[in-house]
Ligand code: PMP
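Below you'll find only one chain, the form predicted alone, shown as structure tokens.
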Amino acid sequence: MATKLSNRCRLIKPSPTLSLSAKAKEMKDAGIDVISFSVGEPDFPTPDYIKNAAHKAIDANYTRYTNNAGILELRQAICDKLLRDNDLKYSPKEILVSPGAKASIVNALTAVCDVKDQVLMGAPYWVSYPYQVALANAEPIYIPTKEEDGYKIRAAELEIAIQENPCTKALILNSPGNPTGAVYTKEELAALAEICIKYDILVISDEIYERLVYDDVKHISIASISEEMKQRTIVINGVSKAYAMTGWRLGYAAGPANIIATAGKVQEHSTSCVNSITQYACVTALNEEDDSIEKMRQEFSVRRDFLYNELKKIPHISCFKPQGAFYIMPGIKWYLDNNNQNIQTSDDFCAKLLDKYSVALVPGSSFGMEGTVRFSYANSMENIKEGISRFASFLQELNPGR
């Protein structure tokens, strides 16, 4: 007899970014020259000062279970970082260290959501948000955003969404954003905060790309807008992106003590603590940062400029210049409507591109934005140059008379 799966898990699909990355790796292993723009992972090694700290932790035999919430030294280092970088004052009891920012979000949603609760998010959205909400037995609600608005939720749109969805419990806000690279200004965040306070809405603020902003753009946490907003915000962050530590698996949540304590109980009965070596290394990462983090940011900025300028040269491609993170999401709708190979969706487009030109992109449908594709420029300049050349050749093949 086949066991019936839970309804919420039957709705969950594999992560398209991880699936595409795995397929690209399989092709590479088979000897195919694949260029992958799919995974959101820095191509730089973890800085030496962090790796050295991990070696010291091993030599010191820091290899046991730790406090579920994280070692006190790390939670204090996170408090110091939030005060130093974000003007946010927290105590260690308001910090929960988890195995990745994904786990931080799931723990937070599970702590606050009940059946029939609704969680708002802008579309396009990071691929995991809807499924994380579903795992918490809540309902994801999407607020469409536009390229001409910088892919950002406007306060008036947020208020309408709350009014139309009376069971709204929370808003997931991602700035800098994946997949668009959008960054909210202080004024935009203040307008959103006013609405959230008015309707008593919790904000889960995903700030994992905080350090990766470009030009004169500054990252602002919505929790810093006011003390009243801080009490309605769970800040999500971690070390994966800015410190090139994706495989180390460490994220954290900062927020009201009662929510953090409840999220901690969720973690106690699921993943438990983050591995001890990672925690000790991250104390050093946060407290003793060298110039390697800034050098990575500068290199991402150079890659962004190159890729954006090359995309703008291609006829009929629309493109928002990202202000943060390491993604760019050009519009390909004209080519979906005008091609000689019966390609009708971004999924079809990406499948054909990978098959014929060995370039892996993520279809916009994965982010709730059909008619687009996502590039990750966390890639070498050599790969970016070759990849965009192949991309342009594919578009030329789809419509030679463009």
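As the structure is a computational prediction, the values presented were derived from the model and not from experiment. Sequential numbering from 1, following the sequence displayed.
FYI, the form predicted in complex with the named molecule isn't displayed, but the following is about it.
- The shortest heavy atom separation between residue 79 and the named molecule in the predicted bound form exceeds 4.5 Å.
- Contact check for residue 241: a non-hydrogen atom falls within 4.5 Å of the named molecule in the predicted bound form.
- None of the heavy atoms of residue 151 is located within 4.5 Å of the named molecule in the predicted bound form.
- Using a 4.5 angstroms limit between non-hydrogen atoms, residue 280 is distant from the named molecule in the predicted bound form.
- Candidate site formed by 178, 249 and 327: every one of these residues places a non-hydrogen atom within 4.5 angstroms of the named molecule in the predicted bound form.
- The listed set 264, 130, 331, 100 contains one residue whose heavy atoms approach the named molecule in the predicted bound form to within 4.5 Å, identified as 100.
- Distance criterion of 4.5 Å from any heavy atom to the named molecule in the predicted bound form singles out 174 from the list 323, 284, 168, 174.
- Residues within 4.5 angstroms of the named molecule in the predicted bound form, judged by any non-hydrogen atom, belong to 241-249 and to none of the other stretches in 81-89, 212-220, 107-115, 241-249.
- Along 189-216, these residues reach a heavy atom to within 4.5 Å of the named molecule in the predicted bound form: 206, 208, 209.
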